[in-house]
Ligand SMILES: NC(=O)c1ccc[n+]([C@@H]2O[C@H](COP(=O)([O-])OP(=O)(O)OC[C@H]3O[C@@H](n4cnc5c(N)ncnc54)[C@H](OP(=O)(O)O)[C@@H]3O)[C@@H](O)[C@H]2O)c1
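Take a look at this single chain, the form predicted on its own, given in structure tokens.
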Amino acid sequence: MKAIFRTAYGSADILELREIDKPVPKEHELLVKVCAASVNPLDWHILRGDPFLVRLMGFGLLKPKHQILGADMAGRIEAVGKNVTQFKAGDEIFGSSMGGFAEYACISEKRAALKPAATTFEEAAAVPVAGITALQSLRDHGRLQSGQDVLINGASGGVGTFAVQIAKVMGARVTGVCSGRNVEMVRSIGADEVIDYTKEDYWLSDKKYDLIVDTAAFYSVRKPLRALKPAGICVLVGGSASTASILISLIFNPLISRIEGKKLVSFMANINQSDLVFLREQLDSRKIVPVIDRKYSLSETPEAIRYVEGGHARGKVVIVI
């Protein structure tokens, strides 16, 4: 099979299209013929091994543990492990497991769900990491309730476009923050109000929010905390990629949060089947529609990663296999 392969940490320039052996599923895994995959910031962080904390999280200290990247995928099951009970060969699925930038990949049955009938493989592949991150930031960590006011900073990005739509499904009043070129797109996916951050310093507004989901946290957390209502919650989903800044944030953000008297949450998404099923239901009813910026072929994966790393993708970038 063909796959995008790497043997070391580095930029997208080190990636190669190679012919390698097809993987063999373990007892609880599915062998999937991949029809589409999508690119996440997670992919280029793992590609570079940067911040260094990524290497300490099980991805390999000096050499990468995973030679094939791609955390999101959608496709058809070709074979199942001997202990798989929920799926069979021929089922169309979507889910998350390293190895999606290839013609075939193995995925745990616990990290997969049947593909939404109303979506294409490309749309389904755009969902897992970004969709679940958005869902968990709103529901689990932000404790969003119907009728509340939520501000989503970075509303035009991968997580942001899902967060806007999921917040509307949950009955919230949504304010999206993005650049001017994306204002109409963010409004079209359901935002009640859209702020162009190039024209307005939204943190200085008199409006206060029950929940702020910040997917672009590149500044002091004092700003979003001051835009919260007294019992509000700020959930940080993105930010600086340096190890030093992450460590500083881990040390000082909780202190700042306590001084300000507001709740601040940082988290890493837990990819699980239950949340994939929830998202599938919303996709089937078209209450959520993935926003796809660009599509690339498998051989163009390095270019796709460079584009996402540049930080200006609108919604998701998909690899069509």
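Every value quoted in this text rests on a predicted model; they were computed, and no experiment measured them. Quick note: we count residues from 1 along the sequence shown, nothing fancier.
In what follows, reference is made to the form predicted in complex with this ligand, a form of this protein that is not presented.
Colleague: May I ask you to state whether L135 is within 4.5 Å of this ligand in the predicted complex, using heavy atom distances?
Modeller: L135 lies outside the contact set for this ligand.
Colleague: G100: heavy atom within 4.5 Å of this ligand in the predicted complex?
Modeller: Residue-level check for G100: no, no contact with this ligand.
Colleague: Is V80 close enough to this ligand in the predicted complex to count, meaning some heavy atom within 4.5 Å?
Modeller: Contact check for V80: no, nothing within 4.5 Å of this ligand in the predicted complex.
Colleague: Any of the heavy atoms of V237 lying within 4.5 Å of this ligand in the predicted complex?
Modeller: Contact check for V237: yes, within 4.5 Å of this ligand in the predicted complex.
Colleague: Counting any heavy atom within 4.5 Å as contact, can you tell me which stretch out of 281 to 289, 267 to 275, 59 to 67, 27 to 35 lines this ligand in the predicted complex?
Modeller: Checking each option against the 4.5 Å cut-off leaves 267 to 275.
Colleague: Of the residues I212, A191, C178, A125, which one places a heavy atom within 4.5 Å of this ligand in the predicted complex?
Modeller: Exactly one listed residue reaches within 4.5 Å, namely C178.
Colleague: Taking a heavy atom within 4.5 Å as contact, would all three of A216, V308 and G311 count as contacting this ligand in the predicted complex?
Modeller: Judged in the predicted complex, A216, V308 and G311 all sit within 4.5 Å of this ligand.
Colleague: Would you mind checking 180 to 213 for residues with a heavy atom within 4.5 Å of this ligand in the predicted complex?
Modeller: If the 4.5 Å heavy-atom criterion is applied to this ligand in the predicted complex, 180 to 213 yields R181, N182, Y197.
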